[in-house]
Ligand code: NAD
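Okay, here we've got a single chain as structure tokens, the form predicted on its own, with questions on binding and movement later.
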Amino acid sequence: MICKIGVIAGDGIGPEIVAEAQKVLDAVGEKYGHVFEYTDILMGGCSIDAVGVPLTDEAVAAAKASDAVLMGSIGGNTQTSPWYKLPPNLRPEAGLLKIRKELNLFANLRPAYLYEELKAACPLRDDIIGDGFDMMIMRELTGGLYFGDRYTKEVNGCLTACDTLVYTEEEIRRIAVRGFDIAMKRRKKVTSVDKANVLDSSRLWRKVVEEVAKDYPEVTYEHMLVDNCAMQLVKNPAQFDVILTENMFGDILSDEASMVTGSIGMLSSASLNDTKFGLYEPSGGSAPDIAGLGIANPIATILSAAMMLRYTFDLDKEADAVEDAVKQVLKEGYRTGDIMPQNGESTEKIVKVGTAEMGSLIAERV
């Protein structure tokens, strides 16, 4: 199979971790007889530096011409980066919002899985962790507060900011259907998260989810308020299978879930439209403070590439091989700094490695 992949290396540690994902993909291609053709696409701060905007129309066209896009990290330090002195529509994240909208990437999948070998890195007590957890957060990605009308202006002599939260029935229905479809392939449970005790948008969300649930009699579902969900994630994470929620809630909850796994450097993600096309990226940020040091964890990006193999190219066997290679490397005791044992845990048989070595170890075991 010939797979055309747009590559957005991005900013900070992005180029380093994307390079390791490509290394692993090339190993997959060599073993299973596939060809991965890469097209570099500028987006984020590097695009601002090069052409003055975070995402050009030409870059969008290149992404649309690809079968899938593999992305690193976008942006810099919000306190020190000159990019954040620019107007909001010219900052790095504006490119991210634009490409999601242009490519109609409405469904964001963020798995949160606790590896047995990384239990020592989990901040929760052993009695809470139990036998571990395995959840999928389904986040609606192109509606809600991040895409509503906004303004900052003086009202009656007082500077006032307004952000508008809007959802249509159709936007809610399509992410709900995708969430229940994913649940059918997992443990057949959906937890729909909202704030229906306060927000009209959440009451509509709840209504539509209940309608969709009728078409999936094998799936059990429940509604949960977002504040309760945030608490339950650290109280009893094993209760969750698929968490279905809107854009801002999903943004917050998925980051919380990532830290429950021990490191955001382990969490992959996929953003899908209504075709096989997807944009695949790690859940973490650009980490400019460690960029260029060769110590960033590339596993989340490598696992994102595995999601790409599975969801865009239907190469389940190859995706399994990548995921198994990650498990094997961890079982053998190799760790980047962020997933080293903490709080006095034994480091016997643990080998600390850098970004490139971790990528090579995984590629060798594919």
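Numbers for residues come from their place in the sequence shown, where the first is 1. Values in this document were obtained by computation on a predicted structure and should not be read as measured data.
This next part talks about the form predicted in complex with this ligand, which is not shown.
Checklist entry - Using a 4.5 Å heavy atom cut-off, which stretch among 222-230, 159-167, 250-258, 70-78 contacts this ligand in the predicted bound form? => result Going by heavy atoms within 4.5 Å, the stretch is 70-78.
Checklist entry - Though only this chain appears here, would A183 touch this ligand in the predicted bound form if you measure heavy atom gaps against 4.5 Å? => result Flag for A183 set to no.
Next on the checklist: Within 4.5 Å, heavy atoms only: does F106 come near this ligand in the predicted bound form?
Outcome noted: Result no; F106 lies far from this ligand in the predicted bound form.
Checklist entry - Can I290 be called a contact residue for this ligand in the predicted bound form at 4.5 Å between heavy atoms? => result Although this ligand is absent here, I290 would touch it in the predicted bound form, with heavy atoms inside 4.5 Å.
Checklist entry - Hey, in the predicted bound form, does I264 get a heavy atom within 4.5 angstroms of this ligand? => result Flag for I264 set to yes.
Checklist entry - Is this ligand in the predicted bound form near all of L96, S286 and D338, within 4.5 Å of a heavy atom of each? => result Checked in the predicted bound form: all three residues contact this ligand.
Checklist entry - Of F147, F277, Y84, Y113, which residue is found within 4.5 angstroms of this ligand in the predicted bound form when only non-hydrogen atoms are counted? => result Here the answer is residue option Y84.
Item to check | Candidate from S304, T312, N297, S47 lying within 4.5 Å of this ligand in the predicted bound form - any heavy atom | outcome: None of the other options qualify; the answer is N297.
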